[in-house]
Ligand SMILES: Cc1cc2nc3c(=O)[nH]c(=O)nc-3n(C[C@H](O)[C@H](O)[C@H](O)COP(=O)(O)OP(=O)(O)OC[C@H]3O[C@@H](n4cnc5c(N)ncnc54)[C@H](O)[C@@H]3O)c2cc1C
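Consider the single chain below, provided in C-alpha cells and representing the form predicted on its own.
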C-alpha cells in the first residue's frame, strides 16, 4: 500500500526559479516538496553568466522596448535581496561585480550616444570616466566609448546555496518524467507518486508547479499533457582559462541590435580566472563545430580587445538550450511566463534576472484561487529519497 503525504505545494525543478519559489512559499507559511531530477541548478542556472540585466542590451537600436521595460526593476529587486532587505535573503551569495559594463570598439553613432545620455535611460546607463573604469579598460590601447550599467553580476552557485540552505528539509532528488509520476484525471493532478527502496508514497498537494526549465517538456509529455508548448533557443558558449589578472564583466556593442560579445569572469576552484563568452558569438555559433567556434572566439577577442594578451590560454566550448514558452517566429519572450491549467502551474523565467517576477506571478495565481497554507508535511516519509547536490560550474569539467 502506498503511503499518503500531504503538502501545500509540489515544485518540480531545482534551478533558481524553483528554489526561489520554494523559499518564498516556505517563508509565507506554505509547506512544500521540491523535486529535482539531478543536481540543483544543473540545467540552465549554473550555465547562465550571472548577469542581472536591467534591459539595456535590449535597447541597442536606440529605443526602449517591451523587453527592456519588463526587466528594468530587476537589478533593484536582486540588490535588495543581496542586502537582506528583499523577498529572499541572499546575503551569503557572492556578487562578482557591482556593475556590468558596456564598451564599443570604435566611437558609437551619435544617435546611440545621445540615447544613452537621455532621460529615457537615466539610472540605467552612465558614461564612465577613465578614473573609475575597471583596470582592463584603462589601457591606452582602448579608444571606444565606455559605460557602466545599473546591473550586477552574481555567482550563481552561491545564490543556489543561499536559497537552499534554510529549507533543505523539503528538497529531494527524483526524476518526475522518467517515472511518469503525475497521476491525472481529466487534466487535473490527483497525486504525484514516488517509488523507491520497496516504498511508494503518493503526494497530495493543492498545486503542482513545474519550474524545471527544459525539463518541463518531458514532465508534461510523461503525464500526457499537451501544453504549454516550449521552444529551445540554442547557444554555443565558450570558456577560456587564462592568467590575465583583471576581471571583465561587459558587453561589446557595435552597430547592430545585439552585443557582439558578452564577457563575464569567473574562477576555477584553484582560483584561476575563466572568461565565459556569450552574446552574438554564442548565437551565431550554433551552426559551427567546436573548433570553428573556438577559432571564431579567438578572432573576435583579438579584434575587440587587442591590448589584452591571454597568453597560453585554454579554450573550450559547449552547447546549451535556453528553454522558453513557444512564441511566434521563435521571438524572445519579454517577461516571465506562468500558465495554469486546473491545479498545474507551468512556468519559465525566460531570463535569470526575471525570477522575482515569475514568483510574483505564481503568488498572484495562488491568491486568486484562495490557495492558503494549511498542510503539515511529514518529511520523514521521504527519507528514502536522496538529496541533490549543487551543480558545479561547467568550466570545472571542461577546463580541469
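As the structure is a prediction and not an experimental result, all values here were calculated from the model. Residue numbers count along the first chain shown, from 1.
Below: the form predicted together with the named molecule, not depicted.
- Out of the listed residues 147, 275, 174, 249, 174 is the one that sits within 4.5 Å of the named molecule in the predicted bound form by at least one heavy atom.
- Among the residues 353, 344, 338, 366, the one placing a heavy atom within 4.5 Å of the named molecule in the predicted bound form is 353.
- Heavy atoms within 4.5 Å of the named molecule in the predicted bound form belong, among the stretches 284-292, 233-241, 309-317, 133-141, to residues of 233-241.
- The shortest heavy atom separation between residue 27 and the named molecule in the predicted bound form exceeds 4.5 Å.
- The closest non-hydrogen atom of residue 42 lies within 4.5 Å of the named molecule in the predicted bound form.
- Proximity of residue 382 to the named molecule in the predicted bound form: non-hydrogen atoms within 4.5 Å are absent; the residue sits far from the partner.
- In the predicted bound form, the named molecule lies within 4.5 Å of some heavy atom of residue 17.
- Heavy atoms closer than or equal to 4.5 Å to the named molecule in the predicted bound form belong, across 197-235, to the residues 211, 212, 213, 215, 219, 235, ordered by sequence position.
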